[in-house]
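To begin, one chain is listed below as structure tokens, in the form predicted alone.
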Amino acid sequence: MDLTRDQKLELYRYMRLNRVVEERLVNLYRQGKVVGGLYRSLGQEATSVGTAYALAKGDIVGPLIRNLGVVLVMGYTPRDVMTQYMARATSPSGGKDCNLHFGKPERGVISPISMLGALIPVMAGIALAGRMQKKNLVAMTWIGDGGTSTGAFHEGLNFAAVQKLPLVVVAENNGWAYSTPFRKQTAAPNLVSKAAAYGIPGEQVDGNDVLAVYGVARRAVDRARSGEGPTLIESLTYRMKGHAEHDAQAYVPKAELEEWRQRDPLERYTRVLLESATATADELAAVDRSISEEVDREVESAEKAPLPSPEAANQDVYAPRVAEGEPVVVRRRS
């Protein structure tokens, strides 16, 4: 499970890229260039990056709208994200949807449905399909602390547990389900204790420590791949911005925000890399410059990208028309 120096630096790069892309998106949002809402992951980058980094080629993820780090680790580019938020024709959804509502199974990413647990049954189904097709894949998805109160969370995780499916569910406990504090969400002292009710392993981790997150996720992925079934991970982290950019977060105590600001995952990991002599300040500064220049180029390209044509609105919406006289029943090929 030990990471090489290059891998540790790659974790840093993904976290910094996550942060910079969102900072540029905030600028675009305030300029009126982002279509719809902007959902930031400020303070939660280590959880997204650390968990996704534990996966292997061929695995499938079902991220949520705040898991930008996940889609970056899975190979999507800043340009994909920028064009998506600006609803351009060249975006992954062709301009039909916004924020992180995109994905392709062949690229290992399932498009988000909602924050409310709906992806957990979907990812359980993908894990089951992978087993039936004799693929040694692992499915991973994320859920907020509020989403664990939904029926979809229970049904999907219970099914995965009974079937011993290769599924990893990461519960991002950031203390707030929109404006509802954790203490009003559940009577349980934490989320990881819920794993026992399903008869599966559960691990709690400091979600702002990317190396700890990676270690917990890697153990869960290895268990899943070896046939030991699902794992529930509770990542203790914090949402440093409101539910979306338009949310001023007035319901959050200022002292609480300041306390978590001291635990910024990117600043913490920077100190770890420097104090362990894994990287020098100059090396990290070079990575930062490279990312800044890359994102500048990608923003410029995204702004020049065309908007979708009106005709495109009806493309890829409906299934192909069945020829007259042809039976509608789709038969399984023998």
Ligand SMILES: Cc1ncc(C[n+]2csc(CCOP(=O)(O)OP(=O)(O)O)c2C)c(N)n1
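Just count from 1 along the sequence shown to find any residue number. Source: prediction; values computed, not measured.
Another form, the form predicted together with this ligand, is not on view; read the next lines as being about it.
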Every residue of T270, A285 and D288 near this ligand in the predicted bound form, heavy atom within 4.5 Å: no
Option from 144-152, 72-80, 220-228, 95-103 whose residues, in the predicted bound form, bring a heavy atom within 4.5 Å of this ligand: 144-152
Any non-hydrogen atom of S114 within 4.5 angstroms of this ligand in the predicted bound form: yes
A177 within 4.5 Å of this ligand in the predicted bound form, heavy atoms: yes
Contact label in the predicted bound form: R131 to this ligand, heavy atom within 4.5 Å: no
K194, heavy atom within 4.5 angstroms of this ligand in the predicted bound form: no
Heavy atom within 4.5 Å of this ligand in the predicted bound form - qualifying residues of 250-274: none
